[in-house]
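Given as structure tokens, the chain that follows is alone and in the form predicted alone.
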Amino acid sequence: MTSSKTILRALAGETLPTPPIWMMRQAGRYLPEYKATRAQAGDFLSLCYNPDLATEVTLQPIRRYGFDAAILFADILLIPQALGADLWFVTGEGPRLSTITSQADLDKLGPVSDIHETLNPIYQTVRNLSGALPSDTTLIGFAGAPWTVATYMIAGRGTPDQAPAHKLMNEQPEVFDALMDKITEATIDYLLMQIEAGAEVVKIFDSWAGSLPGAAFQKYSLEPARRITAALKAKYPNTPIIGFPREAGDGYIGFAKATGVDCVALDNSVTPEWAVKNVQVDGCVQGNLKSSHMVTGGQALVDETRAIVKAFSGGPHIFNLGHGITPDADPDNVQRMIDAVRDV
């Protein structure tokens, strides 16, 4: 039976007259209602692990904008914490973690089988959302891709070039590979539990895929995505998977076929015209408006939005940004984008 949910239809390969819309980081700091709920929680991690408040912030952009999908409010670094890494957030600077730079550090992590004790509140949020969302709104779960998560675990923070991870990869490949395997296994278990709790789609965010050259991209971005997808499909063959190897460039070509994902999310370093010829030929694509338009607005926002919709109109497409919306975005610009997509 064909779903009435437009995102599920696009993910199944249907070309729709108006593309469905959601937005990466759509629940977040650009919304005043989010800021109020975050203050109520006390800090970011407390918000992630409070199912009632995490449900509330996930629902806020659905109430305000009527997006076609809600994405679970959580963070990609909850898996490292669940494995035993120390995790905290520094206001205005972002996450900090205890580092993995040796076999001894790796040995301190707990078994993958123990992650669910920490992550159970996340699964409860998914269950809450499954019952609270409008009947036509798709629920998306997610996880960070192993490479991206590993970069934070190795450096202890975000870095501009992921140099600490590359250093460990080159100097201690056995430690690096073991860490990647552990994260991959944990990611599979985490996403399986999200699907079991009610996620209808899952997305794998490889935010730093673009820093992997050549064979390293194949081994550490594409192959883990293939492993995760195969494991999820083995148990839940009808659950669509979106892959996002950000800034992969030519690595986007053939990514869907090589990994088995149902949709490839695109950043805005590639043009829609290029993506139509090289990526959309294999199925659904998602993207790819510049996030900066949510700050600057104006006619340029409307024109670029319409151009993207037109470019991808010959095949299955989910409209989204090329990366997450930023805290300085104007909420009114989000509505302008939606109106331009839906030609209101």
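The model shown is predicted, which means the values in this text are computed figures rather than measured ones. Residues carry their position along the shown sequence, with the first being 1.
What comes next is about the form predicted together with coproporphyrinogen III, which is not displayed.
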query: Thinking of 137, 293 and 319 as the candidate spot, does coproporphyrinogen III come within 4.5 Å of a heavy atom on all of them in the model of the complex?
result: no
Any non-hydrogen atom of residue 65 within 4.5 angstroms of coproporphyrinogen III in the model of the complex: no
message: My question is simply whether residue 74 lines the interface with coproporphyrinogen III in the model of the complex - judged by any non-hydrogen atom within 4.5 Å.
response: yes
task: Using a 4.5 Å heavy atom cut-off, state whether residue 279 contacts coproporphyrinogen III in the model of the complex.
output: no
- request: Answer yes if any heavy atom of residue 49 is within 4.5 Å of a heavy atom of coproporphyrinogen III in the model of the complex; otherwise answer no.
  value: no
query: coproporphyrinogen III isn't shown here, but in the model of the complex which of 198, 95, 210, 254 has a heavy atom within 4.5 Å of it?
result: 95
statement: Checking 142, 220, 176, 123 against coproporphyrinogen III in the model of the complex, the residue with a non-hydrogen atom inside 4.5 angstroms turns out to be 142
task: Specify the contacting stretch among 309-317, 295-303, 66-74, 271-279, defined as having any heavy atom within 4.5 Å of coproporphyrinogen III in the model of the complex.
output: 66-74
- request: Enumerate the residues of 18-48 that have a non-hydrogen atom within 4.5 Å of coproporphyrinogen III in the model of the complex, in sequence order, or give none.
  value: 24, 25, 26, 27, 28, 29, 34, 38, 44
